[in-house]
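As structure tokens, one chain now follows by itself in the form predicted on its own.
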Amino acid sequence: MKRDYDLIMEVSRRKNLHFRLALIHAEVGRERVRRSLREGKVVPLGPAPPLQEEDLDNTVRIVGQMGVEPLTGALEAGADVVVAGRAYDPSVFAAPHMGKILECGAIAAIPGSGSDCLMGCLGEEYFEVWPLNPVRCCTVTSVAAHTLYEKTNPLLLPGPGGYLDLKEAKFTQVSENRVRVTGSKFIPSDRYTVKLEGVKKAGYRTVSIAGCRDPVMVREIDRVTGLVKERTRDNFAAAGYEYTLDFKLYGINGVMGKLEPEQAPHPRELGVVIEAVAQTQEVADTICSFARSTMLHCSYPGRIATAGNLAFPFSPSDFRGGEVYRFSVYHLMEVDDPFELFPMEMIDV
């Protein structure tokens, strides 16, 4: 948010602009969350485990996902420009279902594009969407498909203050490039909850990128990565390093991992990403370097070559990724009103 604010102020100075600017903050203090946790007002979201106070102690930053109320509240308070922190994506449109479609622009059109916009028109018990670029068009299929985007339940979409009920939604082609939607409903919840997102520092990352074309090594890749992890663990056992070592194998479940439903035949080549995360950048460098060198010269059943097993597209082969953070808070917190966590600051520019 600070970068957006600084950019707006820079443009305002250059253009000699005058307006009222609302800043809506979304960062939530740990102690505020701790009080709600002790009152039983914080619950896990999805597969996240119950929040513990130790999680809060290790969390470096928490933000709340604001709904539409703080945004419309800023406009009602006289703001000409609103700069907000973390917000639910459809909230900026103040129309739950239409906002869900408009948030990604012309991705909901054919051919889809994230670089073009859609126009939305809200009417009595319906809305219509269409692209501004004449080379694209909205169809029943494209708009209905985008309604399913980023959802675990095709008929219900929860958000701040309630959920979108799509069981009776209907999509109608009203012109060549325009779709009308009727029947969707927003159902307010009994208690207003805000999604919290917080992270803790996991360490520092170093990665190495390589390729493998040896069909025997490709066939034995699970054995190879297992051996590299074992040798790395043995080599640094006395040092007591805390680290994680991971191999992403693009060509064999590199995207889905163990969730990959289709086990295809082994490919001709593999893209290998070696990732080390440790408590310091120097330790991460060391672990990644050792793992990369070990994998380069690792022996495996059927190996004929005596040279390196890997091809490196870059030199130097290892890259520092800097600080790494992991989710420690991904929970819903009950609040008394939608504005409670999102203080507004009004500035006359």
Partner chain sequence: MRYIKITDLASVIRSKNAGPYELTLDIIFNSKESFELARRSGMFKHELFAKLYGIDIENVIGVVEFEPANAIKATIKRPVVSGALGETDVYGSQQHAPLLGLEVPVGN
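Numbering follows the first chain given and starts at 1. Note that the structure is a prediction, hence the values are computed from the model and not measured.
From this point on, the text means the form predicted together with its partner chain, which you will not see here.
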Original post:
Given that the partner is absent here, does residue 268 sit within 4.5 Å of its partner chain in the model of the complex, heavy atoms only?
Top reply: no
Original post:
So in the model of the complex, does residue 125 come within 4.5 Å of its partner chain, heavy atom to heavy atom?
Top reply: no
**OP:** Check whether residue 205 has any heavy atom within 4.5 Å of a heavy atom of its partner chain in the model of the complex, and answer yes or no.
**Re:** yes
Original post:
So in the model of the complex, does any heavy atom of residue 339 sit within 4.5 Å of its partner chain?
Top reply: no
Subject >> The single option of 140, 94, 77, 187 touching its partner chain in the model of the complex, heavy atom within 4.5 Å >> reply: 140
Subject >> Option touching its partner chain, based on a heavy atom within 4.5 Å in the model of the complex, out of 183, 254, 111, 211 >> reply: 254
Original post:
Among 43 to 51, 280 to 288, 304 to 312, 24 to 32, which stretch sits within 4.5 Å of its partner chain in the model of the complex, heavy atoms only?
Top reply: 43 to 51
Original post:
Looking at its partner chain in the model of the complex, which residues in 133 to 154 have at least one heavy atom within 4.5 Å of it?
Top reply: 140, 141, 144, 145, 147, 148, 149, 150, 151, 152, 153, 154
